[in-house]
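What follows are C-alpha cells for two forms of the same protein chain, given separately as structure 1 and structure 2.
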Structure 1
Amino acid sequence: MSVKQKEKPILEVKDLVAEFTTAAGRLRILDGIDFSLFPAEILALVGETGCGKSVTAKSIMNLLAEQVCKRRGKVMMDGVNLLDLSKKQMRSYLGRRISMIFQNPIASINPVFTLGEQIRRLVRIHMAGEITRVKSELGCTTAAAIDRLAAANLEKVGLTDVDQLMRAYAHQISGGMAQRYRIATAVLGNPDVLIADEATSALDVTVQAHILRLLKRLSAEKNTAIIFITHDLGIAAQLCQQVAVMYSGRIVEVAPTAELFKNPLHPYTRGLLKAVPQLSRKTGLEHIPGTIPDLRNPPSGCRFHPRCRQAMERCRRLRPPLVETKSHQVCCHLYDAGNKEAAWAKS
C-alpha cells in the first residue's frame, strides 16, 4: 500500500502470504501484505514485536527455507516476481539491487572468517570500478586498493581502529560494532533497495544519530529506497517520509509520516501513538488493552477487534476493506461507506 502515485515504484509487495509449518499446524504469519516502495523513499514498517515485520523482510529477500515456510503473492522488482526466483537466481539481486541489515548483527557475520576477509570479498564483488579508480589515483596494487576501500567504508559508519577490526572475528567485537560493520557491508554495492531491520537497536544514542544521518544521505545521494523496520516511533518520525503500521501479519494503515502522527485513523495506530512519552502531554501514558493474538487461532474478521474499544459486530465477522482517503490508506470498518461520519466523530 502506498499513497504515492506519481512515479513508478522500485519495489511492490502484493498480497504477500507466509505460512510456517510447525508441530501445532500451519501458522499464517503474513496474511496479505501490500505496500509499494519508491526510489529515494524511506518507509517505516512499525508495529509490536511478533507482528511479522522481520518475516516480511526475510520473505522479500528469499531468506526463509522452503521446507518450513510457504510464500505466495508477489514481490515485484523490474517486472520480476522475486518469489519465483530460485536461491541461485536471487543471488544476482542480493547486494547489488537489494540488501539487508539484520536485527541480530553478530549472528549474521560468518564466524570462521575475519571481518577483513569478509568485507574485502564484498569490495571485490561490488566495487570493481572503485578499485580501478583507487589503483589509478594512488598507483597501488589491487590488494592495497581493496584495503583502502574497505577501511573507508568502515570509517563511514563510525568505526575506528580499522586495522585491528579487520583482523578480528565476530565473537571478538561488541554488538554495536557488529551492527555498524553489517551496515557498512550492506551498503557497499549501493543497492537500489535497503532493508534495515532494527538497524539502530544495538547502538548508543550518539552512534544511532550518526547511522540515521548516514541512511538519510544514502537515500538522498544514491537514490536508495529504504524499508526501515522499527518499533520506535520516535526514530520513524525522525527518519522516514512514509509509515506503514503492521498488526498481526497485516498492514492496517499507511500515510506520510507527518500526517500519520497528526491524524492517525486506525484505532491501533492511535493506541501506539498514545503510548509514546511526550513532554507536552498533561495526562499519563495510555496502553492498548490485551495482547497480540495467537496466530495458531487468530481472531476472525479484523484481527484487532478483541483489543479495540470501537469494535462493531461486523469487525468480528468480516475482514475490513482497504479505504483510501486523501493522504491515508487504512483497513478499518470505521471508514466503510456509510460509516465515515461515525468514524470521523470518534477520531
Structure 2
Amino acid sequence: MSVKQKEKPILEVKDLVAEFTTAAGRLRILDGIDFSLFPAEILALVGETGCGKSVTAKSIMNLLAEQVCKRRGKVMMDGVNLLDLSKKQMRSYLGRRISMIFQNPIASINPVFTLGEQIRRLVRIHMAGEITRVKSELGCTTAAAIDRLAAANLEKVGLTDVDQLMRAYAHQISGGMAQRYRIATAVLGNPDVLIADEATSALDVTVQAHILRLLKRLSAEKNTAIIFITHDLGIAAQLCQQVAVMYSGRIVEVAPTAELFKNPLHPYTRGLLKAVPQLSRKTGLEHIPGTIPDLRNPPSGCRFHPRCRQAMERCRRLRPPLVETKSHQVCCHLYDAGNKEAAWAKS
C-alpha cells in the first residue's frame, strides 16, 4: 500500500464482517477484512480452505442473500458503499465496474443455452453504446452488430473458431476454453475490478499458464485491477504485485509480493511458505501443526494462536491489531509497539 500511496484505490474494503445464520447458529465467517485495491494492480488473496476467501469475494460483489448472510463494514467504490446498495442499484456495478469469475468454469456457464445466446445478452446489457456505433459504422442490423461484438470479445481472449463456439453448449467445450469464455463475458463491460476466485485451480498447469498470461495481459492493457484468489503461492509469486494472506476470516498480512516472499512477518505466512513444495528445494517440507479452527467456536483472541509456535499469553486474550510496517500490514501481537524488537529477533 505504501508503494502506491499517491494513487487513489479503486476498491477499498474496510472492516468487512460477514455472519452466516445456519442451523448450527451464527457463524462469523469474516471477522473484519481490510484491504485496498489500486487500478491495474493484481492482488493475490491466499489462505487455507474455508478461511473465507470466497465469502469475501461474494460479499464485495454483494451476491449473498441478506437472509443467509449478514454483512457489516464497507466496500467502497467511487465513494459508494456497495453493501448499502439494493439488488437493483447493484446492477449498474456488476459486470460494468466489478466482475467475477469462478473456480469451475463449466459449471458457471448455463448449460441449457448456447454460449452465443448468453454472451449476446451480456453484450446487449453492457455494450449499448458500441452496438449503436457498430450499427452506424457498418450499417447492419442490431442483431448482426451484437453478433459481431460478441465474436470480437471472444477473439480478444484468444478463442478461435468463434462461430462454432457460439453455437456450442457448456458441456461441449474444454475447461480452458470455458474459462476463456468466462473471462470474455466477465470483462465485456470493461470493469475496473475483476475478482478471480480460484480461476485456474480446476485446470491443468499448461492451460493454467495460458489463462494466467491472459489475465496479466488484460490487467496491463485495460488497467483492470484483479483480485486473484488462490491456494497456490506459485501463482501469487508470479502473477501478483500484492499478496494478502488470509486466515480464518481475517487478513493477517498484506505486502508487495517480493517483500512477502523474502520477508514474511506473520507466523502463519512463514509457516505457509515453508510448506510449499518447490522443485528447487531439496530440504524437506515443514508444516503448520494443528488444523484450521472450527468456526462454530473460534479460538479467542488471535484465531491462529493455537497453531502458533510464537503464541504469547496476549494472543489468547486479545484480538491482534493491524500493524503497519514499512512495506507490510500485519495482524499480529508480535509487532505491537512493545514487541517489535522481540519479533525481529525471533524471525
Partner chain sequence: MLPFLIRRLAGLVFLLLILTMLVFGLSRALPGDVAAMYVGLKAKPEQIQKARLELGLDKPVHVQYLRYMGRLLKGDLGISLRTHRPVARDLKEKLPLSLEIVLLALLISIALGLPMGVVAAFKRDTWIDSAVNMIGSAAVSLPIFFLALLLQLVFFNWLGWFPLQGRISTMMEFRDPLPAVTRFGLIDALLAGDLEYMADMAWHMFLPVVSLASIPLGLVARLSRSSLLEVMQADYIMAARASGVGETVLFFRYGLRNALSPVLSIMGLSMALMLLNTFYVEQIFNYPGIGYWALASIFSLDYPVLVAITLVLGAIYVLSNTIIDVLRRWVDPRIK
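Every residue number counts along structure 1's sequence, beginning with 1. Bear in mind that the values here come from a model prediction, so they are computed numbers and not experimental data. Heads up, when I say rigid core I mean the largest set of C-alphas that superpose within 1.5 Å between the two forms.
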| property | result |
| --- | --- |
| Form predicted alone - which displayed structure it is | 1 |
| Core-aligned CA displacement of residue 169 at least 2 Å between the two structures | yes |
| CA of residue 264, rigid core aligned, shift of 2 Å or more between the two structures | no |
| Rotation (degrees) of the lesser rigid unit against the larger between the two structures | 15 |
| Core-aligned Cα shift of residue 107 between the two structures, given in Å | 3.2 |
